[in-house]
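Only one chain is shown below, in structure tokens, and it's the form predicted on its own.
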Amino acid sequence: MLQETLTLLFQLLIFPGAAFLILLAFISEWVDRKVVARIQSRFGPLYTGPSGVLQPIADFLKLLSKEDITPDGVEKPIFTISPIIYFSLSLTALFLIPILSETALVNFEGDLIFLIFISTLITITVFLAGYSSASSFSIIGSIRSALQMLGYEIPLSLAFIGPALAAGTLSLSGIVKWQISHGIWTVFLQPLGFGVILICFLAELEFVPFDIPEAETEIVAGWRTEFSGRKLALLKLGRDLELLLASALTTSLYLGGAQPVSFVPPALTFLIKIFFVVFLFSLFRALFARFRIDQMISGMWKHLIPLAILQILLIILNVGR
């Protein structure tokens, strides 16, 4: 009994738990920064660690050492706790991702719906964090974030449901097992859904061209403007974890998850796929210019929702045969 408890604690806290996931999040940020820099003819992180790979960790530690300022007039309880909740939600969701094998550390039937719920809670936390700051820049950013959610939430949920319909399960681990047992990735059966989920995750991550809630040329840093010190460090780490979560979800739903390939271990296969998705996010972020909020919402409703519904109809017709 004691050995089982210690094993569970090791898995939750060290590997493949919190410490491992946080390290992966820092590496994901490094990959993102290096890809964007190269496309824009820059070097990106360079000196801290080999090829600058330790730069995200150094930035995090530097922020922890900075003064943590709470401006006058803020809703102090919400302003204080929102960075912790933002970080915790992304980390909690990652425990539901099957990383080392086809089964996640935490899995149950219906965990896909729970992941959609957490995705919504993350955006609500962003809204509350900005609105509690009592700053005009932060309030505008938080309102933009809420409006942006209205645009991408429906097509993102439909892109989640497509692989679940094909696999006949609402378990993320079950969807991965279905892809492995059928020897095919969902992306080859549902390319429209794959395109929809990439675009929607770009919007949820507030990456260009959907960085409207924190547009530095318009509203300084948007909803994050008034945060500093430890709070800003947690928000930054939470964003890295959210990037990792988006990449891991896309990999599990559409790219076969931790599917064994020849002599490559499942975990290594999964990591390669994750960083490929991070590369795609970074590529889009470097190539496009920012949309206006009205363009974003109308584009999502006019184009992505019909494409997502079409993908669902094609799945239903195929299952009916």
Partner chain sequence: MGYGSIVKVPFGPQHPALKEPENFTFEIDGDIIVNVKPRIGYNHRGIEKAMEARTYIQNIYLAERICGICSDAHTTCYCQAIEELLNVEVPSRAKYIRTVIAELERIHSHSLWVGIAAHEIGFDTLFMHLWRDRETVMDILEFVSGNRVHYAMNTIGGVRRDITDEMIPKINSGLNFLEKKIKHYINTISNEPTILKRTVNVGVLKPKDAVELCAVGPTLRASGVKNDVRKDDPYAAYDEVPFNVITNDGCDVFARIIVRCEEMLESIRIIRYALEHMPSGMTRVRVPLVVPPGESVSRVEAPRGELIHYAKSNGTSKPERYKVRSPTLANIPALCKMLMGQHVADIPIVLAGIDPCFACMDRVAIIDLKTGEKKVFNFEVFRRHIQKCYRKH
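These numbers come from a predicted model, not from an experiment. Positions refer to the first chain, counted from 1.
Omitted here: the form predicted together with its partner chain. The next part is about that form.
- Its partner chain is not shown here, and in the model of the complex it never comes within 4.5 Å of any heavy atom of F276.
- For L121, no non-hydrogen atom is located within 4.5 Å of its partner chain in the model of the complex, even though that partner is not displayed.
- At the 4.5 Å threshold, heavy atoms of L287 reach its partner chain in the model of the complex.
- Its partner chain is not drawn, but in the model of the complex it has no heavy atom within 4.5 Å of E67.
- Using a 4.5 Å cut-off to its partner chain in the model of the complex, each of R144, V208 and Q295 places a heavy atom inside that distance.
- Only one of 179-187, 113-121, 212-220, 148-156 places residue heavy atoms within 4.5 angstroms of its partner chain in the model of the complex, namely 212-220.
- Contact with its partner chain in the model of the complex, judged by any heavy atom within 4.5 Å, is made by just one of F137, F160, F79, Y86: F137.
- Of the listed positions (V261, I39, L271, L54), a single one reaches within 4.5 angstroms of its partner chain by any non-hydrogen atom in the model of the complex, namely I39.
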